[in-house]
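This document starts with two versions of one protein chain, written out as structure tokens and named structure 1 and structure 2.
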Structure 1
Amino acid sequence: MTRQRAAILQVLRSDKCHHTAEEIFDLAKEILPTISRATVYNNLKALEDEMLIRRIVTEEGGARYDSSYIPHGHLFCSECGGIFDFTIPEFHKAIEGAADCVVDSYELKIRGVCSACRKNA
């Protein structure tokens, strides 16, 4: 656990956003001004291997990082641009039946309108 890795974890856990690598780099620089991009990428990869964070890929192809590794769904709101977490109970079993497979992990992305934006409309 180096200072650099601690700074990256601190950034990830400071709020509930799902940041891009570049955003994490910028925020980590506020803590450690000399940190380099490669260090951010290396540590994000290491943290994902250690199952401490999860990398999620948006529909556009860019990566974002989730401070939790536990599999859950992500709602990408088309109104506010927010990314919201949710879980479906018994989801593993449902998709194992539908896909006829043993599920190691899953990533469910929804494009839609979140309840807050729906109420404001």
Structure 2
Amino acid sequence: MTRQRAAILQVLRSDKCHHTAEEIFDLAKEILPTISRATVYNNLKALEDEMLIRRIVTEEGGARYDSSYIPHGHLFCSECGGIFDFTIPEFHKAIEGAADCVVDSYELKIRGVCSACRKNA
């Protein structure tokens, strides 16, 4: 694995945020000051193709990146704009039973208000 790719993975795995490519570029520059924007974009695509990260398409059509390929859903907060992970135990088994299929992966997006925004309301 290249130093650039390792730096990008380090950025993504360092917190639970779902960063944009630009945010990843800015954070990766702190690790590797010579990394280029094109290198970050190319490596994000390669990491996605290798199934080491997931690309999450936002409501606005932009993309954010997730370092976890463990099956889970995302809550898109309509108040703060945050993206939060959640899991539903045995969700894929319920889908397999309902659809009479074998689930390889799933993408579940929920729109709502996160707990922090509900507390501040």
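Whichever C-alpha set is largest while still superposing within 1.5 Å between the two forms counts as the rigid core. Residue 1 is the first residue of structure 1, and the numbers go on in sequence order from there. All figures in this text were calculated on a predicted structure; none of them were measured in a lab.
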Of structures 1 and 2, which one represents the form predicted together with a further copy of the same chain?
-> 1
Whole-degree angle by which the smaller rigid part turns once the larger is superposed between the two structures | 17
Where the core is superposed, what shift in Å does the CA of D104 undergo between the two structures?
-> 5.0
